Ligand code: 5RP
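Listed next as structure tokens is one chain, alone, in the form predicted on its own.
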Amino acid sequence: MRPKLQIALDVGSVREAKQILTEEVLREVDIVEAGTLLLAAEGARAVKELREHIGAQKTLVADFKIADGAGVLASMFFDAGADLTTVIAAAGPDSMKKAQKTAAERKKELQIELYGRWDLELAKEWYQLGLHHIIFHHARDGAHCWNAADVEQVRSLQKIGYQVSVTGGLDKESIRLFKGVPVFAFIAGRALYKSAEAAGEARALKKAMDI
């Protein structure tokens, strides 16, 4: 099955996000993400307004990278209309369990976003807590060239049992590195919404996924 295409909206207002999410763009993407910057600027209201804008059928992520207050924050985003929300890898096990419990109660999903130091033994512990979706991430603060070692790390996480999404400065060439790897979703932000023709760029990225 082809990986999903997720658009990450790290913009400063819901108004900007809605301008990006034209009908044509929405036809091309599978998942819409209220990015961390948007949530910092607008709060859970951004999730509510995006849900109203995109409708009930499209998957919506609240990418807050929760570290603490996990049950309360997860509830806010799920109740506003998110299907998934994220916890940061640095969150403690109690926070992860609270967020996961909140997600399960609402039949929603939780994702761990990898930042900073982590290893496969820690990833196995998270999996045992009931968190089964992980985001392999290269941060926006820095430069990175995707390579074969990244692909192997993704494969290692998949062997544990995770669904793995991939993000961080992705383009058509880096997506092609993952040929034959069952990535859940490729997440693109500025590559899409700063493109001269966002829907066309989305189609090009999906074509790269099909190779």
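A residue's number is simply how far along the shown sequence it sits, counting from 1. In this text the structure is predicted, and so the values were computed from the model without any measurement.
The form predicted together with ligand 5RP is left out here; the points below concern that form.
Asker: Which residue, 44, 170, 29, 164, has a heavy atom that falls within 4.5 Å of ligand 5RP in the predicted bound form?
Answerer: Exactly one listed residue reaches within 4.5 Å, namely 170.
Asker: In the predicted bound form, is there a heavy atom of ligand 5RP that lies within 4.5 Å of any heavy atom of residue 201, even though the partner is absent here?
Answerer: Taking the distances in the predicted bound form, the answer for residue 201 is no, it never comes within 4.5 Å of ligand 5RP.
Asker: If you check in the predicted bound form, is residue 115 within 4.5 Å of ligand 5RP, heavy atoms only?
Answerer: Yes, residue 115 is a contact residue.
Asker: Answer for residue 188 alone: is it within 4.5 Å of ligand 5RP in the predicted bound form, judged on heavy atom distances?
Answerer: Because a heavy atom of residue 188 falls inside 4.5 Å of ligand 5RP in the predicted bound form, the answer is yes.
Asker: Residue-level question: is residue 208 within 4.5 Å of ligand 5RP in the predicted bound form, judged on heavy atoms?
Answerer: Judged by the heavy-atom cut-off of 4.5 Å, residue 208 is well away from ligand 5RP in the predicted bound form.
Asker: Please pick out the stretch from 45-53, 59-67, 154-162, 175-183 that is in contact with ligand 5RP in the predicted bound form, where contact means heavy atoms within 4.5 Å.
Answerer: Selected stretch: 59-67.
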